[in-house]
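One chain is shown next in structure tokens, namely the form predicted on its own.
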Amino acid sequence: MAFDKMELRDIEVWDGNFAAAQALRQCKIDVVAAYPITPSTPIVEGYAKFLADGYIEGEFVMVESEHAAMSGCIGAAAAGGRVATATSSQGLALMSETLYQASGMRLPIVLNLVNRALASPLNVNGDHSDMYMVRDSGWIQFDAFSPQEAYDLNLIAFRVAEDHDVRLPAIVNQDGFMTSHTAQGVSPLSDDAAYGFVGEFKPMNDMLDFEHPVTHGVQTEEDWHFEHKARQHNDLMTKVSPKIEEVFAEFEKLSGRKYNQVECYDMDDADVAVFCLGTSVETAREVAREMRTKGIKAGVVGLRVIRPFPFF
């Protein structure tokens, strides 16, 4: 099958964390500020190694907590940089206060969230409680079902988040250990094709331009808070779904991989359906195929975009 200017490399065997780190490398991030936490650590660790080995230019800032990590990202993004980080579970809980600052200030940061259960009891394995905890924080949220999608959705997240009609931060979710530490075949784009797709970062405005000062993140009370936060932010979110569809279509032309905001498998004639997220989508598809061999018309629905929720 031929695609317009398709530039795919050979299939690599990557886990989800390494796939995300490779995507960040190809996007030429200006600043990654991070604090390690299982199972997301290899993403920022991998990026730091790329930087230390001279494969990329940029800044890797090791901070004292996840709260400080997102605070550092906010400062770097406000200064006009392309910025990313990663976290999980309790780290996201500590970071969550600052997520509202990032979305309210319209900073297109990309956060890789490797989903892991929130304590107590302590559990380093995955569920989606951290994802749900910040579902209404004003961030765009994608969900990867596999390492391939963890790679692809990082590239897509930057394109969507940095669009001048959007300018909102984005989260790329992947299942802890089930995706992050499980190796599968991944077909990455070439470095040139990946960066060409994401494009050069163009700041919306220079927040730290002393010749043209602006104010961001100021105090507003009940008379203006709804206008500034709820109405304006909701208006922005209405522009996100069409942009996602546009970027999905462009990525399909480049890579041959088609994405939808809601992925439906064998649903045209299904009598029973499983609605799920993450790695459970691939498992459910296998079970549904087996059920069909036994005469049960089963289908699967996988949610690819969590915020804005695809109501159509």
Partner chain sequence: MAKKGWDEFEIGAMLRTFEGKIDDIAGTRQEDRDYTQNSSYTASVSDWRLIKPVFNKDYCIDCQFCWVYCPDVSIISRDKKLIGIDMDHCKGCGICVEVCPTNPKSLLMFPEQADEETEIASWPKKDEEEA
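Under this definition, the rigid core comprises the largest set of C-alpha atoms superposing within 1.5 Å between the forms. This structure is a prediction, so every number in the text was calculated from the model and none was measured. Residue numbers count along the first chain shown, from 1.
Missing here is the form predicted in complex with the partner chain; even so, the following discussion is about that form.
Residue contact check for His181: none of its heavy atoms lie within 4.5 Å of the partner chain in the predicted bound form. Taking the partner from the other structure, the partner chain in the predicted bound form has a heavy atom within 4.5 Å of a heavy atom of Trp224. For Leu122, no non-hydrogen atom is located within 4.5 Å of the partner chain in the predicted bound form, even though that partner is not displayed. Interface membership of Gly217, defined by any non-hydrogen atom within 4.5 Å of the partner chain in the predicted bound form, is confirmed.
Only one listed stretch (87-95, 231-239, 129-137, 181-189) carries heavy atoms within 4.5 Å of the partner chain in the predicted bound form, and that stretch is 231-239. This chain is displayed alone, yet in the predicted bound form one of Pro203, Gly104, Gly75, Gly196 has a heavy atom within 4.5 Å of the partner chain; that residue is Gly104. The candidate site formed by His164, Phe210 and Pro213 is fully in contact with the partner chain in the predicted bound form, as each residue has a non-hydrogen atom within 4.5 angstroms of it. Superposition of the core reveals a Cα shift of less than 2 Å for His164 between this form and the one not shown. Comparing the forms between this form and the one not shown on their rigid core, the Cα displacement of Arg135 stays under 2 Å. The rigid-core alignment places the CA of Val214 2 Å or more apart between this form and the one not shown.
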